[in-house]
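The chain below stands alone and is given as structure tokens, in the form predicted alone.
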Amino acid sequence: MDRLTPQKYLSLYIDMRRMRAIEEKATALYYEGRTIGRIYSGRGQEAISVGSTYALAADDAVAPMNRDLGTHLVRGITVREIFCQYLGRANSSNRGKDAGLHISSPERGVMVNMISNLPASLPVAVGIALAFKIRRELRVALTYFGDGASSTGASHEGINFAAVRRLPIVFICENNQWALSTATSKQFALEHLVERAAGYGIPGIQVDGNDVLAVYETTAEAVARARGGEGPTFIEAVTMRMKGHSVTDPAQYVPQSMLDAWEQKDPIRRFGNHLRQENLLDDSLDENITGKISAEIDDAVAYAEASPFLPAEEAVTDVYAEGIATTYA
């Protein structure tokens, strides 16, 4: 496993900061009526997508979900691209026909658009891993799914197939305590979701999802296993969804005491404190980082707002619908 350099430590911190700042700006734009569609916040979960993506090689494949903006940033998706997507411009990933993180970039290893029916991207990532194995390429796929999505057929079938075929893939379950408004205690009887790994016959590791270094190291070990032909790993990253399911959800069902407790474990603050202890961060550098991120976001919003919408006559291009034939007795 590659060790992180001091510069990489700072890069982890900067990408987590960028992720949060982008989502905060996108939420503000939503309330001003300037975005198309809802915003899904990964606040409190930044360490998972950022830390895990740093563990991948450049030609590995990743299939992120709706709270994995950090994955896009680490993979080189620009802030301009992200805001063109949020604002529904014609130069966005899907030409203004969808919003959110429905962004793919195969040339940068983001192989699968986030699919709204979670975790429909999981079996697709398994297919990519199968292709890697058939072609004898030393490449690894990585995908994410939530605690709620872990109970779906797509999740079980995908993980089981990958386990049977010993495919080079890493599964990261982002256990953020809530499947929309359903608490984990009402979803399954297991004490820890990672216990499901034994049922598939693959290694399972639980990690503190708010510790970016722990996420990186755990994922790097799983990636090395997969690349070495040892098959998949199930990682349960324990974290907390600090906002509602989407920007439209006030999440009044979440106990305030729970939010207060998890706020003390904020991944960005924790890692910032660690960097300060290691003399890699001080107030001056932190202010400089804040300023650069703010300027980058301002530039991206201005660029997106100056970009054109898709012409009306092209609204139905590249859109497909499957007809369903119904017969009545």
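Numbering starts at 1 and runs along the sequence shown. Just so we're clear, the structure is a prediction, and the values are computed from it rather than from any experiment.
Not pictured, yet referred to below: the form predicted in complex with another copy of the chain.
Considering another copy of the chain in the predicted complex, the lone stretch of 222 to 230, 67 to 75, 168 to 176, 152 to 160 in range is 152 to 160 [heavy atom distance within 4.5 Å]. Another copy of the chain is not drawn, but in the predicted complex it has no heavy atom within 4.5 Å of D208.
Although the partner is absent here, Y216 sits far enough away that none of its heavy atoms falls within 4.5 Å of another copy of the chain in the predicted complex.
When another copy of the chain is considered in the predicted complex, R196 lines it closely, a heavy atom lying within 4.5 Å. Among residues of the shown chain, G201 is one whose heavy atoms approach another copy of the chain to within 4.5 Å in the predicted complex. Using a 4.5 Å cut-off on any heavy atom, the residues of 180 to 200 that reach another copy of the chain in the predicted complex are, in sequence order, S185, K186, Q187, F188, A189, L190, E195, R196, A198, G199, Y200.
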